[in-house]
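This document starts with one chain, in the form predicted alone, laid out as structure tokens.
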């Protein structure tokens, strides 16, 4: 099995195993292991987790008025799942997930659609970055004026048109190359000892949870 497919399975097992049960101390063992493996990116990963918590806190606040214990468990559960997946896919731009789906023999058209969607999102981000740099070079400053709203509206329309044209170009290119519902991806990464260790820790966590029920 490829590393990408393995990561998808491990992420699914970990997430499902704690999604509908109480968070116990051994749930954090795989997280501590991953934190050690990815210690070079710890700060960046926790910054991203903090950003995601902006949305989670609103959800937790709604539950807090009804059940304090459930709100606390919800907070821990969502953060544990998010952190685990951030560790696994932090360096991925989405193509690793596509390779994982491909390795797991998912529907060929779904994999192709997923790949094209990620390509378009990546293209959209690059174009947005270019537009922002151009606006900055021209001395644009955002205010609460009508000019600012019109400028943002024009930027949004420009990006919308660009991404439609890009999608058309991709479609024409794929038809020209004889696309028949399947894309072929480059060779996937191989599993290493750290991946087997992670699988062992997740298996131990699931076993302990099973014994505790």
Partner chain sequence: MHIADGVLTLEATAAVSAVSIYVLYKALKEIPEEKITLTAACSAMFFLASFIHIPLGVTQIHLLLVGVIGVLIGRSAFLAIAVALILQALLLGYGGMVSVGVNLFIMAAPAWIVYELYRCAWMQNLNQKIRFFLVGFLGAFFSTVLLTAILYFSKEEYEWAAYTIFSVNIITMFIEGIISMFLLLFIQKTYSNILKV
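Given the structure is predicted, the values throughout are model-derived calculations rather than measurements. Numbering follows the first chain given and starts at 1. Think of the rigid core as the biggest set of C-alphas that the two forms share within 1.5 Å after superposition.
Below, we turn to the form predicted together with its partner chain, even though it does not appear here.
- Proximity to its partner chain in the predicted bound form, defined as a heavy atom within 4.5 Å, holds among 185, 29, 37, 163 only for 163.
- Using a 4.5 angstroms limit between non-hydrogen atoms, residue 176 is distant from its partner chain in the predicted bound form.
- With a 4.5 Å cutoff on heavy atoms, residue 196 does not count as touching its partner chain in the predicted bound form; it lies far away.
- The closest heavy atom approach of residue 180 to its partner chain in the predicted bound form falls within 4.5 Å.
- Using a 4.5 angstroms limit between non-hydrogen atoms, residue 142 touches its partner chain in the predicted bound form.
- Residues 150, 152, 153, 154, 156, 157, 158, 159, 160, 161, 163, 164, 165, 167, 168, 170, 171 are the members of 150 to 173 with a non-hydrogen atom no more than 4.5 angstroms from its partner chain in the predicted bound form.
- Once both forms are overlaid on the rigid core, the distance between the two CA positions of residue 60 between this form and the one not shown is 2 angstroms or more.
- After superposition on the rigid core, displacement of the C-alpha of residue 153 between this form and the one not shown amounts to 2 Å or more.
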